[in-house]
Ligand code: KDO
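Shown next as structure tokens: one chain only, the form predicted on its own.
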Amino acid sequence: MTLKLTRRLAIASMIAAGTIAVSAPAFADGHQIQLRMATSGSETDARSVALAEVFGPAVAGFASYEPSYNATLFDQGTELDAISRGNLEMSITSAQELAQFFPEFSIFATGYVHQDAAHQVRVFNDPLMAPFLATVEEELGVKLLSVMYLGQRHVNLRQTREELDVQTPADLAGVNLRMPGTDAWQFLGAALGAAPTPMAFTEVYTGLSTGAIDGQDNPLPTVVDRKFYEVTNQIALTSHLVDLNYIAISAATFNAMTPEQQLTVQKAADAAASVGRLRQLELEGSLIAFLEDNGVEVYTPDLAAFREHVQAQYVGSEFAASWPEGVLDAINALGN
């Protein structure tokens, strides 16, 4: 109760100060509704492509979908503020960004909360999400339309499988695993059983090549793009973080639409998310074959053992303090 009151007072103060100001939805040319999308992604980013190819044409009868790429319209991380101020209609946001306003959203950016792409969808569409969605809409003026799948992070190691066969967290004991340097990422690395090592992303290839680190964690597209497969020998498909984005729209803009228009926008967002999800899964599947062709052994460890161990590390920790009671159990119940 104290956390919620403090949060509401903080947002109210931002509104009063002009940092966040609710205004009427923006319209262009007659009855054409202007839907400006600000994203830090490129024009060729899978999320951008899905929205441009699916969402834009679906709403073209009554709205102009106007994407802006590479954070040229608003700096990355400021899009939610822009929507709240009435200066923007749409963005692609993350659970991490939402957690800056509403700490309870950190549960959706935590190891082994989401199990796979299908589980993400089940969680987003389950009644357990209703309080989360309502809070964002009521207190920030942002409506979350659909969930987009970004990919799964896995453990990528220098050792061969003969030297180190990773089946449970115990097998990662003493492994110097590069993880991003924030406290949350380092906590996840330790929860996986490894010795998390902070290192700049630009130094990871060299670190793997010299043995300064034993491994790193990233989605398969990153492993291929950064050529980490040249200096590693195995990938354990730990799937310890199934990353996501949400398609966000101004609640004021959405609520000013007719019911028919709202339905079209919702269906268009779901369709774009679905297309992007299938394409990303197809890409990940094709990359496994590429990695194996390049001498990297790819296999699936005991995911139940990893999930149980990692979640046990979070329970009672500072990172779980903001999670609503019972939500983690509800999310797990929707799993496979």
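Just count from 1 along the sequence shown to find any residue number. Rigid core here is just the name for the largest C-alpha set that superposes within 1.5 Å across the two forms. What you see is a predicted model; the values in this text were computed from it and never measured.
Unshown form predicted together with this ligand; subsequent notes refer to it.
Note on the partner interface in the predicted complex: the residue among 218, 146, 253, 238 having a heavy atom within 4.5 angstroms of this ligand is 218.
Interface residue among 41, 67, 301, 56, judged by heavy atoms within 4.5 Å of this ligand in the predicted complex: 41.
Residues of just one listed stretch (81-89, 174-182, 134-142, 255-263) have heavy atoms within 4.5 Å of this ligand in the predicted complex: 174-182. Highlighted residues 115, 309 and 332: none comes within 4.5 Å of this ligand in the predicted complex, counting any heavy atom. Looking at residue 205, you'd find every heavy atom of it more than 4.5 angstroms from this ligand in the predicted complex. Although the partner is absent from this view, residue 233 stays clear of this ligand in the predicted complex, with no non-hydrogen atom inside 4.5 angstroms.
Residue contact with this ligand in the predicted complex: residue 47 places a heavy atom within 4.5 Å of it.
Contact check for residue 106: every heavy atom lies farther than 4.5 Å from this ligand in the predicted complex. Residues of 138-161 that come within 4.5 Å of this ligand in the predicted complex, judged by any heavy atom, are 150, 153 in sequence order.
The rigid-core alignment places the CA of residue 103 less than 2 Å apart between this form and the one not shown. Taking the rigid core as fixed, one finds a CA shift for residue 146 smaller than 2 Å between this form and the one not shown. Residue 222 is among the residues whose C-alpha shifts by 2 Å or more between this form and the one not shown once the rigid core is aligned.
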